[in-house]
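Here you get one chain, nothing else, as structure tokens; it is the form predicted on its own.
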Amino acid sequence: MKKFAIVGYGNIGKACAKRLKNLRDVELVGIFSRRDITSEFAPVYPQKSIFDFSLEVIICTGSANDVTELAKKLVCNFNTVDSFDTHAKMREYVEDMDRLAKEHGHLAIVGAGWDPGIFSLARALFFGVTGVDAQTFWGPGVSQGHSEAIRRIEGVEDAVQYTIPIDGAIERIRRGETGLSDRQKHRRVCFVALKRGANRDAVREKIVSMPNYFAPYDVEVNFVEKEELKAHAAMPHAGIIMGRDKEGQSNLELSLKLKSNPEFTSGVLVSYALAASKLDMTGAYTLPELPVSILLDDVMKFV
């Protein structure tokens, strides 16, 4: 019986818990959280008590602040899987996790979401086939990582952020244009509920100037009442990767349309957590570094 723990219990944590409870030969030992919560899927323990257990860990906390420091502590004691999603910091994060995982004899699978994650695999494949970097578009849809980054700002009660491709940008890439900047490809639309007494101008400035998340883009910030955010409860997302060979003779495209970003992300996390429990490896690995066959019982069924 494989034993798992979930650390963090937001939307992705809840989706992972539901998925694990529906699997055979898997025990969800507990949810480990800093908050006073309950779960219908497993007992809830204080986050710090996880070190009293022996299990595999799925980290479901936000990338903006929590994942990196928490994961570095956890990988010293457990095998871990996370969906860290800050592209600009991925190399540094993997190097730190790799060093710690090897020092303590554990395995860490990092960036196991849809991007980074499934789209990382596609970009690697497209580059290998076409020899040029693939272009990636995200949205339209709700970005969990960017929404969480806004919620971490002092004075913010709740927030939802939509990533939206710029009109016409995808067609420009299809026609063979290159070199479009982040700002030319996407815009970000935020709906933010403030705590009483919070300074709107200060919060807005912290959002639009946030490195990696918002600074490279045109950002629209809408301040709303918390009740109005219920209209944004659904968490759809979408994306497309496009690659062309150097002669422009062949085009490769992969598109993804998700009704629920957390549900899909939880599928990636749980699948790789199950795979990690079978591997006799140490160190930190991104999805392109691992063979797809580890997800499958019989790879020849798909050949």
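As the structure is a prediction and not an experimental result, all values here were calculated from the model. Numbers for residues come from their place in the sequence shown, where the first is 1.
Same protein, other form: the form predicted in complex with another copy of the chain, not shown, and the subject of what follows.
Going by a heavy atom distance of 4.5 Å, is residue 23 a contact of another copy of the chain in the predicted complex?
Close contact is absent here: in the predicted complex, residue 23 is far from another copy of the chain, nothing within 4.5 Å, heavy atoms only.
Contact flag, residue 32 vs another copy of the chain in the predicted complex, heavy atom cut 4.5 Å:
Residue-level check for residue 32: no, no contact with another copy of the chain.
Do residue 186 and another copy of the chain come within 4.5 Å of each other in the predicted complex, heavy atoms counted?
Judged by the heavy-atom cut-off of 4.5 Å, residue 186 is well away from another copy of the chain in the predicted complex.
Indicate whether residue 276 is a 4.5 Å heavy atom neighbour of another copy of the chain in the predicted complex.
Answer no; every heavy atom of residue 276 is more than 4.5 Å from another copy of the chain in the predicted complex.
Mind telling me which stretch in 66-74, 47-55, 34-42, 259-267 gets its heavy atoms within 4.5 Å of another copy of the chain in the predicted complex?
That would be 259-267.
Quick check: do 205, 210 and 214 each get a heavy atom within 4.5 Å of another copy of the chain in the predicted complex?
Checking in the predicted complex: none of 205, 210 and 214 is within 4.5 Å of another copy of the chain.
Can you pick out, from 126, 78, 191, 137, the residue that has a heavy atom within 4.5 Å of another copy of the chain in the predicted complex?
Going through each option in turn, the one that passes is 126.
Which pick from 226, 104, 195, 87 sits with a heavy atom within 4.5 Å of another copy of the chain in the predicted complex?
Exactly one listed residue reaches within 4.5 Å, namely 87.
In the predicted complex, which residues of 284-303 put a heavy atom within 4.5 Å of another copy of the chain?
In sequence order, 286, 288, 289, 290, 291, 292, 293, 295, 296, 298, 299, 300, 301, 302, 303 come within 4.5 Å of the partner.
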